[in-house]
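Structure 1 and structure 2 below are the same protein chain in two forms, each given by itself as structure tokens.
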Structure 1
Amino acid sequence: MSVIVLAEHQQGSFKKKSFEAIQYAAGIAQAMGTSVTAVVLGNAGDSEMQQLGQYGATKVLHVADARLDNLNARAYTKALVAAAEKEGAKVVVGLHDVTGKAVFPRVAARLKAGMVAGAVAQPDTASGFVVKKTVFSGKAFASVNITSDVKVVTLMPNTFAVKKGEGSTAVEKLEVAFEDKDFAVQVKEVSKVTGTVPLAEAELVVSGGRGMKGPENWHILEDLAKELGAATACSRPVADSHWRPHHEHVGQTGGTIRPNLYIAAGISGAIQHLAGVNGSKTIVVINKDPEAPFFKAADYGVVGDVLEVLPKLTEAVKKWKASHN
């Protein structure tokens, strides 16, 4: 009756958030007195999969079908359900990211399992199986009891720090009888954002609003982002005015992000903007207007002209990095 967890990877390399999911699953397994089996889909090397043991997976089920290299909700569901059945899993764990959101609701529906999407704490198993998640776009939390026999939980990425341990893992192949219809969604074209940090996964984000004055000033913001290794984002009017591409716009109508650090430069902090970013761990606001509403949601504030403050901040980061290396 182990806990199973999907270990997402890209071309065989596992990301931090996958380790985070395994560690989370290991916490649940410990509370339930059982162990964790990680499921790996598509091509991945043995030595990479061995890493999963260091975060608490005692077993890996590897479905090595190359067609699984691309996200395919139906096929992924079939593989996860096969793994869950093989292990007699009572809890299935994934991540609340684009892959997880396509796959785990399907898994839950197939297993008739209650699901909590976007968990931010370890389940409380003292009475029932109560999982805390954010609701109202970060304005509140709800504690949800999963009452079904089998339970599905997806973890909000970047919730916990990952700690590498000593454990090792046994890799086993799992054969799944796929049918053509499992691959009915066909990939025609893939375009990965290269060079820069993808916004949805970024731990650090530097974002600009109308206070940046125009696209010609964006290099100032990009310099800081580059120095920090951060992704860039913007407010909606900035995207609407075509100063920045629309995929960078965050907020109610744009992307929702939860980085560790969100630096808002020349953004007023309208509620629709906050809806997309107030899950951020630390918020720094730079605005020339001390009355800007964003300061109320900020941890650190700088009252000043962004065009002057940003270069100074970039310099300070440079200096700090030099002294910490």
Structure 2
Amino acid sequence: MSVIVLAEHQQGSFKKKSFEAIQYAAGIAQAMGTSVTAVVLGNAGDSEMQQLGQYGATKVLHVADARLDNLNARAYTKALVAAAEKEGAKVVVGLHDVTGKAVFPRVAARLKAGMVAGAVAQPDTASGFVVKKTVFSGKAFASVNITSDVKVVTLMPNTFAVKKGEGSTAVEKLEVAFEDKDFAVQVKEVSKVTGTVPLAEAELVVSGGRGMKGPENWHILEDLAKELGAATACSRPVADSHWRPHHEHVGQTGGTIRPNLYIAAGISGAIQHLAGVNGSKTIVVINKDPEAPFFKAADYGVVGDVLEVLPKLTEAVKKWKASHN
């Protein structure tokens, strides 16, 4: 009766968010007096899968079908349901990301399970199975008690720090009887951004808005991001104006991120943008308008022209790094 968790990977490489999901599942397993089984789909190396034991998995079920290397919601659902049934799982855990949003509602329906999407805390099992999540675009929290026999929970990425332990885990092959219709939708090509810190994985993010005044000034923001080792992001008007690529757009209609530090440069702070970033641990706002709404959500604020403030901030970071080497 183990807790099942989907361990996502890219070309066999497991990312921080997968380790976080496994640790979250391990917390649930400990409260329930059971163990964690990680499910890996597609091609992945045994040594990489065995290392999942360092984050709390006691077993790995590997569905080694190359067609699963790219997201296929129908096939992923079938594989996870097969794993859950094999293990007699009462809890299935995933991430509240692109894969999780496409797959886990289907898994819940197949298992006749209650589901909470976007959990931000370990479930309270003292009196039921109560899961805390954000509501109203992150403006409030809700506590949801899942009363069904089987429960499905997806975790908001970058909610907990990842702690690496010791040891490894056994890997078992899981055969799933796929049909041609399971792969009726096929991925023909995948284009991924390389050479930068992925926004979903980033712990530090520097983001720009219309206050940057044009794409020709973006190097100022990128200089700060480079010194901090941060990812870059932008508001929707910037992406719509083609100053920056769409994958950098964060907000209600873009990506949702939860970095440890979010620096907003020249962004007014419309509610749609806040919905995508208000899970950040610390928010720093730089804006020349002292009445900008974003200041109400900020932990720290600087009133000033971003084109003047950012270079000074970059120099300050350089000096700090030089004095601490």
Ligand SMILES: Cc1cc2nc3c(=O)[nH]c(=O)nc-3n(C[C@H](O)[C@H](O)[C@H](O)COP(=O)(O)OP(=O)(O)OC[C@H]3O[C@@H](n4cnc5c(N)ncnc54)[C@H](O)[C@@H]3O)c2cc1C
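Basically, rigid core = biggest C-alpha set you can superpose within 1.5 Å across the two forms. As the structure is a computational prediction, the values presented were derived from the model and not from experiment. Residue numbering: structure 1 sequence, from 1.
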*If only one of the two is the form predicted together with the ligand, which is it?*
1
*Once the core is aligned, please say if the CA of G128 is shifted by at least 2 angstroms between structure 1 and structure 2.*
no
*Take the rigid core as the frame of reference and indicate whether the C-alpha of G255 shifts by 2 Å or more between structure 1 and structure 2.*
yes
_D299: after superposing the rigid core, is there a C-alpha shift of 2 Å or more between structure 1 and structure 2?_
no
*D289: how big is its Cα shift between structure 1 and structure 2, in Å, with the core superposed?*
2.6
